[in-house]
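Only one chain is given next, in structure tokens, and it is the form predicted alone.
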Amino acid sequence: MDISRRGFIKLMGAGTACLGLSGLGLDVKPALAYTTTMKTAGAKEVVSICPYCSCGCNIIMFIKDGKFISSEGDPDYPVSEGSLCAKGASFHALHMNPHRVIQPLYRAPGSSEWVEKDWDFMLGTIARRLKDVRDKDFKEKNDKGQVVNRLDTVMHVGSALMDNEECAVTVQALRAMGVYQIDHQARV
């Protein structure tokens, strides 16, 4: 934000005046309540469930002109009573962020540049590399001759942005490949 010295002084003066008026007994709560509803005025409320953990807190999503414009906790939900954790509270910002990466980015080995690639290339590359590592490092038996069927050289750290179903499918796929070193950021 670019603000001049004169603009800063005006802003400080206005802030001081407002602070002084609040000391005279003016109640600003109705004005604050009104400003919070301005953004969602005329929007359709849709109650959904937060996907990020097993608590399943209700989220009220506001849809206006077919676009997702805001979200908040549901005060009628008995478990959270309208409060949300950090992931639930950032639900709208995570999904509607203009800086959100929506195309796969690939950086070739030794390169410093990220290049947009299509999903077929990325998924094929990941699958090929994982298969190569699995073929090279898979252990059927340990040093004692016991059957272990595991892959010691691969581990997985999950994302807090994965919902419950994505986590379940990911763990099943990893275990089928012999990966046993599985952790998840959401437990923190």
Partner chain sequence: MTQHWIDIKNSNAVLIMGSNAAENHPISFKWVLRAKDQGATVIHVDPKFSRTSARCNFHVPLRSGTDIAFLGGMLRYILEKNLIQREYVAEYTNAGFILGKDYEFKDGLFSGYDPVKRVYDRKKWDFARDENGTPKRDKTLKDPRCVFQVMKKHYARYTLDMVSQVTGVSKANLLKVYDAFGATGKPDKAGTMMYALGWTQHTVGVQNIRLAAIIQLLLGNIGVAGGGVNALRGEPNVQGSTDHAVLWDILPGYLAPPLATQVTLEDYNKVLTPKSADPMSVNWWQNFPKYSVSLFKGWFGEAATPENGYGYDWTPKVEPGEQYSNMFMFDRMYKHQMRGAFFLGHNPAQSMPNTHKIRKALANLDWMVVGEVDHTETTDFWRGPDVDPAKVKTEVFLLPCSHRGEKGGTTTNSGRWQMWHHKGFEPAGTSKSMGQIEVELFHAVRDLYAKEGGAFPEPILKLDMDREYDPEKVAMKVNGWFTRDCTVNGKEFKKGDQVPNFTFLTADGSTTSLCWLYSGSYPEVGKNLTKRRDHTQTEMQAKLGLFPNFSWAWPVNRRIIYNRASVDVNGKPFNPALPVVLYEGDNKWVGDVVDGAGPPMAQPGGKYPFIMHTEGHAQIFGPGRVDGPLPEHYEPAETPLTVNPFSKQMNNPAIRWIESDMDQLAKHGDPRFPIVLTTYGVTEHWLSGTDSRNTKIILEAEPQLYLEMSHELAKEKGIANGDVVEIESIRGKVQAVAMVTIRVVPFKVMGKTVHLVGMPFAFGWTTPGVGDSTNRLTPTVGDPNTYIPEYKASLVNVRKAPKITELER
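Every value quoted in this text rests on a predicted model; they were computed, and no experiment measured them. We call the rigid core whatever largest set of C-alpha positions still superposes within 1.5 Å between the two forms. Residue numbers count along the first chain shown, from 1.
Just so it is clear, the following notes concern the form predicted together with the partner chain, a form of the same protein that is not shown.
Participant: At 4.5 Å between heavy atoms, is G42 in contact with the partner chain in the predicted complex?
Facilitator: Answer no; every heavy atom of G42 is more than 4.5 Å from the partner chain in the predicted complex.
Participant: Relative to the partner chain in the predicted complex, which residues of 155 to 171 have a heavy atom no more than 4.5 Å away?
Facilitator: Residues within 4.5 Å: M155, H156, V157, G158, S159, A160, L161, M162, D163, N164, E165, E166, C167, A168, V169, T170, V171.
Participant: State yes or no: after fitting on the rigid core, is the Cα displacement of C57 between this form and the one not shown at least 2 Å?
Facilitator: Passes the 2 Å threshold, so yes.
Participant: If you line up the core, does V115 shift 2 angstroms or more at its C-alpha between this form and the one not shown?
Facilitator: No: V115 shifts by under 2 Å between this form and the one not shown.
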